[in-house]
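Heads up, the chain below is alone and in the form predicted on its own; it's given as structure tokens.
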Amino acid sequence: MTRIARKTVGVLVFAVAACAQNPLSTPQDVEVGRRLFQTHCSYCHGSSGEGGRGPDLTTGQYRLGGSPEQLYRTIRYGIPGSEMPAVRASDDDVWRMAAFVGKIGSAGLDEKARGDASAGKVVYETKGKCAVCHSIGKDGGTLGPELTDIGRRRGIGYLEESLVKPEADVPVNSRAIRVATRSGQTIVGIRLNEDDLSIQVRDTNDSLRSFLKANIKEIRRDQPSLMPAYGSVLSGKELADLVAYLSSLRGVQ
């Protein structure tokens, strides 16, 4: 690298480090960042940042940090030693993508639910029976996504939709599968691992099951969510209270 090139890079790094806030973070910039994310990032991280081949970006926890500067650097230069490449985009567009990632990592922080969180906790524990599949901290099941900090990661609208229409957005690692064996068994659960010879499933009893594909008659993936739709199960008040409770779950602050 020439002296001029080193000096140019040094100026760029200084300029980024000196920018404590994202200079392109208006709602309009975030929307542009969302569209750019679909082009550059969704193949690995999912259309909503929910993860897939790459990690879930909605958790607000990032390998190289979650400040505007750190998100910019990660997107701009990639992560050496990983599959994360440097993004080929203008500096302004990288800032916009960083704004979008920052937004999805803290989607629920600025929202206030209209229901009663205390009453919602009772719904969660009794009528909803949510702890059978979901965990908060160390308590609950593992079949569904962990909810310890779901209120920080997801907005009010998303939480309500996930209860009323759970199939609308199912994380890759929570999609349902139905395995029919040649011996007549039918097992429903979540796919954990799969290769050419075998498949591993966590069934609805939260038990780990492994099957050789030679012994499987059919594998179906046409019902993506195991979660019931609560719109017809809960009253309007119960639904609002449950959303308020979920929104109150912000993890360790």
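In this text, residue numbers run from 1 along the sequence as written. On a predicted model such as this, the values are computed, not experimentally measured, just so you know. Rigid core (definition): largest C-alpha set, two forms, superposition within 1.5 Å.
What comes next is about the form predicted in complex with a small molecule, which is not displayed.
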| query | finding |
| --- | --- |
| Ala117, Ala107, Ile177, Met84 - the one with a heavy atom within 4.5 Å of the small molecule in the model of the complex | Met84 |
| The small molecule: the contacting residue among Leu192, Ile219, Leu64, Val188 in the model of the complex [heavy atom, 4.5 Å] | Leu64 |
| Close approach of Val32 to the small molecule in the model of the complex, 4.5 Å, heavy atom | no |
| Interface membership of Ala244, the small molecule in the model of the complex, 4.5 Å heavy atom rule | no |
| Contact flag, Asp91 vs the small molecule in the model of the complex, heavy atom cut 4.5 Å | no |
| Partner proximity in the model of the complex: Met227 to the small molecule, non-hydrogen atom cutoff 4.5 Å | yes |
| Proximity to the small molecule in the model of the complex (heavy atom, within 4.5 Å), stretch among 22-30, 207-215, 35-43, 192-200 | 35-43 |
| Candidate spot Lys121, Gly157 and Ala240, all three touching the small molecule in the model of the complex (heavy atom, 4.5 Å) | no |
| Is_shifted Gly189 between the shown form and the other one (CA, 2 Å cut-off, rigid core) | no |
| Core fit, then Gly102 C-alpha moves 2 Å or more between the shown form and the other one | yes |
| Flag for Val164, CA shift 2 Å or larger between the shown form and the other one after aligning core | no |
| Cα distance between Gly46 and Glu160, which in the model of the complex differs by 3 Å or more from this form, closer or farther | farther |
| Direction of Cα pair change Ala168-Thr59 in the model of the complex, magnitude 3 angstroms or more | closer |
